[in-house]
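Starting off, we have a lone chain in the form predicted alone, written out as structure tokens.
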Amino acid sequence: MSAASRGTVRVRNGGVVALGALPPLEPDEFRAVCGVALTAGGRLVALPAFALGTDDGRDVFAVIANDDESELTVTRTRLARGAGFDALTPEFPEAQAFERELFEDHGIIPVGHPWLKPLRQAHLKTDAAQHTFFSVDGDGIHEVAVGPVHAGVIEPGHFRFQCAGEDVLHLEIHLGYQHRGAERLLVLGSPARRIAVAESIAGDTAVGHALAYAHVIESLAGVRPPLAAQTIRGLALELERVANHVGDLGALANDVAFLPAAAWFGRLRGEFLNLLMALSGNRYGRGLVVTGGVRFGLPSDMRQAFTAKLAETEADLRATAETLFSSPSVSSRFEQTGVVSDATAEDLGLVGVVARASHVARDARRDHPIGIYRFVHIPLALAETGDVMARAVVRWIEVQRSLTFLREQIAELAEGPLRTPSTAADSFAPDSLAVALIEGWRGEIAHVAATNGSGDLRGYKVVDPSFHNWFGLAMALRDNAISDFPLCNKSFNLSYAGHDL
């Protein structure tokens, strides 16, 4: 850790910042420091506000990633409710949701924000949370409202389309129906309960969020899991990635009525979930990650069968993918549908598959490695066209590279303890802040935690990749036919619950 300039501290992924080394800046200086870091190529990872003092003020922290240097810059200011600072959003659109969240949850005003409306509470009929939808006027313009209750068994969210005929001029998305107070539960819950809450932030990302939580807690407690545990964690994370990517490829095939691939991908997803169950005892990986390590390993007598099942499933997977990507009817629907340019992806701070499909080389496993990824590199999967096809291709490439990782790491898996013997994981460094980034299957997951002078956990912030990417979906629909919405939506496959917390 090193001081970069007055009021900023640089830290590596999983590192701890002593709050005594990070005095609060005045709001205008805070805004200026953030602007300099973002202009220099940084990107906004988190903008949490924590109640660390005895009054009703909030300590606001900007966590900005410098991917080229594998560093995180942390900056701090302190603001009272009703106070404000000059908004970052007009110059840096990636900040728009973060600043709306500050306003909605803490009454902190980003002055000059061009889109200052509720982020999660738009559906509540209160004076503090009125939502005025953007509208387009003109001949032939009509509005289509979809949700929050949908025909399928999916999460609730509302989509408001402004259309000229079949063409979408603008899509506005507002969520919040899945808000459960997860961050508050992570602060107030018992240590045994917290990791179960983390696993439930987004049900299909139980391993990813559990790992982010574990790394934050381990950092505050000064605990490092054994190497064997770090490897098992990597195996679980990549199995989760493969299972979800394969499921998404099947869902995309289903949305264009290419039923053979939809059926086969659906079955193959189940095979990878079964492997995750063999590793953890749960098809979604729940209960595997514990503070200081993992609960279960992969005994030597299981490895051969595990590897054989991977090989068998991969052969079927390759045949199914070849069928999907070689079909002209699929290509005609995937190509040039839902395009997100690289400039838009950069401006909005998109992450994960969505960013890499628009040729934005961004992956926390490479840029901010932690755990086993400090020792093993998985090559980046990139595409250029930013359309549905690009997002499908990136998923398929990532599946293949994750399978290679799984084979290699199982073959080299060393015997050893699976959990740090120390039970001091509930004793945290006082007056400290920790940040952990994990590349979940959707993209970057960020967890930020802060303690007070007694070492009690006083603030916790979660940034699911969907938080970054929902506005990207809105941009992808512009100038597309409204009938392409289900396909575009599935190509992003974002989490409502992960956004709403």
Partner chain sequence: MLDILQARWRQGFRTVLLPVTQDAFPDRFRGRPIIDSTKCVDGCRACVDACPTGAITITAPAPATAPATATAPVSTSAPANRVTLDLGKCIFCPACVEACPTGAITYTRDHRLAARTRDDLRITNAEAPKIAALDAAMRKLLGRALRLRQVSAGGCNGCEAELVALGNVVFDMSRFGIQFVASPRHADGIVITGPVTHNMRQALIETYEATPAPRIVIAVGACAISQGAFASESGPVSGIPPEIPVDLFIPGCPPHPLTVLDGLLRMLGRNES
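Residue numbers count along the first chain shown, from 1. Note that the coordinates shown come from a computational prediction; the quantities given were computed from them, not determined experimentally.
The same protein also exists as the form predicted together with the partner chain; that form is not shown, yet it is the one meant from here on.
Trainee: Which one, 331-339, 213-221, 197-205, 163-171, holds residues whose non-hydrogen atoms are within 4.5 Å of the partner chain in the predicted complex?
Mentor: Every other range fails; the passing one is 197-205.
Trainee: With a 4.5 Å heavy atom cut-off, would you call A87 a contact of the partner chain in the predicted complex?
Mentor: A87 lies outside the contact set for the partner chain.
Trainee: Is it the case that T307, even though its partner is missing from this view, gets within 4.5 Å of the partner chain in the predicted complex, heavy atoms only?
Mentor: Residue-level check for T307: no, no contact with the partner chain.
Trainee: Given that the partner chain is not shown alongside this chain, does T385 nevertheless sit within 4.5 Å of it in the predicted complex, heavy atom to heavy atom?
Mentor: Heavy-atom contact with the partner chain at 4.5 Å: absent for T385.
Trainee: Against the partner chain in the predicted complex, would G152 count as a contact residue? Criterion: heavy atoms within 4.5 Å.
Mentor: Taking the distances in the predicted complex, the answer for G152 is yes, it comes within 4.5 Å of the partner chain.
Trainee: Have a look at E398, E71, D431, E271 for me and say which one sits with a heavy atom within 4.5 Å of the partner chain in the predicted complex.
Mentor: Of the listed residues, the single hit is E271.
Trainee: Looking at L116, V187, V144, A278 here, can you tell me which has any non-hydrogen atom within 4.5 angstroms of the partner chain in the predicted complex?
Mentor: Among L116, V187, V144, A278, a heavy atom within 4.5 Å of the partner chain in the predicted complex occurs only for A278.
Trainee: Note that the partner chain is not shown here; using its position in the predicted complex, name the residues of 382-397 with a heavy atom within 4.5 Å of it, in sequence order.
Mentor: Nothing in this stretch is in contact.
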